[in-house]
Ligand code: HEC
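This document starts with one chain, in the form predicted alone, laid out as structure tokens.
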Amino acid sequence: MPFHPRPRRLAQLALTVALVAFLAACGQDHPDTIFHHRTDVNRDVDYLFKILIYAGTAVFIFVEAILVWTLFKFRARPGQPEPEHVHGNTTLEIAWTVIPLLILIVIGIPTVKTIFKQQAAARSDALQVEVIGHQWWWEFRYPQFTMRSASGKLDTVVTANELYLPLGKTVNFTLKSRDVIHSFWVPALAGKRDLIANHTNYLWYTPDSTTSDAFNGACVEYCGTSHANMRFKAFTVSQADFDSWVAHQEAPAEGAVAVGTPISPDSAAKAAAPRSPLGSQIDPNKNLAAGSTQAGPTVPSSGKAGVGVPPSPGAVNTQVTQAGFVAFPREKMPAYTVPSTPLPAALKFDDNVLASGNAANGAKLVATGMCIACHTVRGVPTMQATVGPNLTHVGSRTTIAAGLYPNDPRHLARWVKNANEMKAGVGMNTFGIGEYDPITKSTVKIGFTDAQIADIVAYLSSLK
């Protein structure tokens, strides 16, 4: 026997479902929502949104009320004569033309004003930040802050996947892409904008109604295999802390190889070599040969963990130890900004060797191996490439792999061993012996053991 539910029962069911959905939506915390008044842009957008939603709701209620009233008043009744046929109603037609026009004016004026405001140039004293999208990571450059390297080159403060913004200061973002279309967005701060190859876009806002905090950022335009893994962290800090962070970024990293360290001519010549299998570069096991004049690290005076070996002969200690704010405290990061991506089950690593990692040996492996083809470490003559993220202060960053994993020895070791297993489509070579490298489509025969990777992790972690 077919079941024919009564209209009242259907209405009760629909009301119950709607109430449950409403309570569920109101009972959760949504830290990545745009409905925060933390910046001038978010306030403008929120104001415009409320006008649209209130006007739309009013129109919906009015139209539905008229519809329901019409259904009941003019419903068919037994013995009712046929309704009168009319050609039109001039008054009604004028009314339903004028009312939408008035509604569009109410919506259109603030919309146009907001568009013109957001498209205007940023104020002249704004902090300039250049955002460069890569497949699949973010590069942030601060062109107003520069320092001169030992070679005389003027370097800009540059970091990767972590954006620092001073509170109360307007920030003007110059948006560029190195490859495909990306889209830059920190939902909790302000609106998104696309990054397009061979074209520069701009976005500005002022984080003036928040406190020192950490926020999630992401690419929100599909850009390839690891689009969903192209994340970053944005930190709002006081002006004093921002100035301290910039000063620290301008200084050599604490664990960096000294500028005056002798470098093998072969290593320097291969610094700009295109990406190729590790075996076509330097055998990492030969870098530790007796009497080698390869680069070694400058030992921090603070004696941080993992750096306990004297510097190589000829090293010049150029380390700058900075007091004060150097990075956002990890213990103060909100839980929703701490990545929890599970490690690949197939990627094995002996975590016991991490405690004995030797940063001096790690520095030699980094400064004379394949790392020199892609990365920069300020103070290391062979590390001047710009294909991959700048590693000068990588040890002070909160995450690796563009926000996908926390920056700790356990995750960093596996990233060095087989980054392609950790993140789909990444362009970094696989360095662990016995691991399959999808770039070269072969098993790595000349690479790093877990013990050598532990040395590299100790060195990278010392780059504060």
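The model shown is predicted, which means the values in this text are computed figures rather than measured ones. In this text, residue numbers run from 1 along the sequence as written.
Although it is not shown, the form predicted together with the ligand is what the next lines describe.
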Only one of 428 to 436, 38 to 46, 52 to 60, 65 to 73 has residues with a heavy atom within 4.5 Å of the ligand in the predicted complex, and that stretch is 428 to 436
Is there a non-hydrogen atom of residue 220 within 4.5 angstroms of a non-hydrogen atom of the ligand in the predicted complex? no
Spell out, yes or no, whether the shortest heavy atom distance between residue 456 and the ligand in the predicted complex is within 4.5 Å. yes
Taking the ligand as it sits in the predicted complex, is residue 189 near enough to touch it, meaning that at least one heavy atom pair lies within 4.5 angstroms? no
Look up in the predicted complex whether residue 380 has a non-hydrogen atom within 4.5 angstroms of the ligand, and give yes or no. no
For this chain shown on its own, do 167, 234 and 240 all sit within 4.5 Å of the ligand in the predicted complex, going by heavy atoms? no
The single option of 126, 338, 347, 387 touching the ligand in the predicted complex, heavy atom within 4.5 Å: 387
Between the options 163, 391, 131, 203, which residue brings a heavy atom to within 4.5 Å of the ligand in the predicted complex? 391
